[in-house]
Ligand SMILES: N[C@@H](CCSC[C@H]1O[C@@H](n2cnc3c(=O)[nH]cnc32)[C@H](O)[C@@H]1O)C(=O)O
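So this first bit is one chain, no partners, the form predicted on its own, shown in structure tokens.
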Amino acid sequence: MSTLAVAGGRVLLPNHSIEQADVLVDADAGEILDVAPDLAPEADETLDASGGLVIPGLVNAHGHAAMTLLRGYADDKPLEAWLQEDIWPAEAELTPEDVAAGTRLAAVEMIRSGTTAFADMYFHVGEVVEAVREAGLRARVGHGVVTVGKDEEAARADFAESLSVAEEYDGAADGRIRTAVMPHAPHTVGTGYFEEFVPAAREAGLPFHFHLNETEAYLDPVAEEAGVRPTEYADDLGLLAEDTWVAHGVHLDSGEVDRLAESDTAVVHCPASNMKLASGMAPVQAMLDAGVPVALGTDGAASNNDLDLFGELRDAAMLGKLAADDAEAVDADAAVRMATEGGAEALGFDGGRIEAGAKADLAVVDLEAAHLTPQHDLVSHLTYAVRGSDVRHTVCDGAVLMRDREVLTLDEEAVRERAEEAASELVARAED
């Protein structure tokens, strides 16, 4: 057994108390062995956390990693116009090599900002899997399904691909990669295709991930076709369940919130994307009060425009107060839980907390900075003051992915150069 000690710092424990302690990791098994003072002498390797706070690795529970190539390509538009006029035409030109380049760029950005696990709904999933394997991250991946605008043969093939991809890649990268079936949204996939493929996916034990009630425009097509709101429609189709997690949940009424809670379906709050696209304010505190599992996500970099989950922590807490008209809503403790334990639970990973037996997914935040002084309340700092650039070390599955702000698993300069080239060529094709 090879061991790693993250030593000399303070540690955020599962109850969000802070203690001076070391974290001892079984690097081979990727699990935490112990959390206690003076464990460094027992370890084969040490990461210096002096002056820092050891936290669970952050979990970005909804996104489209390769959209880093479209960062800054189209801004300041409402969602439907942004998708139809800019994003979908560009994505139609994506090659597998583009997805590989964009996903590697996303991986570097997430590693540098303390994210150790993420969800990805996109295309060319084999390239995504290979990038995740190289980066050393943990991920739940899937092929996004859209049937609108396609003939029956193409639509059925698209949904069938989501199932086959989920079965093919589940457990890849020594178990760090899990999969899901990922229909884009209730209104962008035809009812008949849901009725055909959902039972097959359930029979195979595959979870689901999809967009739900992101904007008001998501509501009308379902209401017109099915006569109910999208959450009830999804439930009737067998989509809601403990192993399902949905993105956004902005325009939910109280009945839909209750239905999500009763089915134990998790919701991923994406505050920056929701603000940028003027999608609305999700009722996060109402969901928490009802017992809905809530996680955090950045969405794609084209609508954020970064993958720094610490920014989402701050946005979630602040926007949650506005949405509830209550300064006590979505407090710092709740926001940190959404970004760690909540995300891990939504994606079905045994992480998001620092204790013996949990997955060794960790980040060390350097507290020696003017914007983190004084240190009255470090949970407050994680929500309202810490930036991704404050992360000093990142560990996933017991492996050190970044040491002293140097990414070890990917060649950052080469990744950036290749992404810049791919992005330029992609835009040129899209605008030709």
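Throughout, we count residues from 1 along the sequence that is shown. Everything quoted here is computed from the prediction, not taken from an experiment.
The same protein also has a form predicted together with this ligand, omitted here; what follows describes it.
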Give a yes/no on whether K150 approaches this ligand to within 4.5 Å in the predicted complex, heavy atoms considered.
-> yes
Counting only non-hydrogen atoms and a 4.5 angstroms cut-off, does D331 reach this ligand in the predicted complex?
-> no
With a 4.5 Å heavy atom cut-off, would you call V146 a contact of this ligand in the predicted complex?
-> yes
Indicate whether I32 is a 4.5 Å heavy atom neighbour of this ligand in the predicted complex.
-> no
This ligand isn't shown here, but in the predicted complex, which of 253-261, 170-178, 343-351, 119-127 has heavy atoms within 4.5 Å of it?
-> 119-127
Looking at this ligand in the predicted complex, is some heavy atom of each of R71, E109 and A423 within 4.5 Å of it?
-> no
Would you kindly say which of A155, L83, L163, A324 lies with a heavy atom within 4.5 Å of this ligand in the predicted complex?
-> L83
Which residue among D243, E91, D315, D235 has a heavy atom within 4.5 angstroms of this ligand in the predicted complex?
-> E91
Partner contacts for 197-225, taking this ligand in the predicted complex and a 4.5 Å heavy atom cut-off = H211, E214, Y218
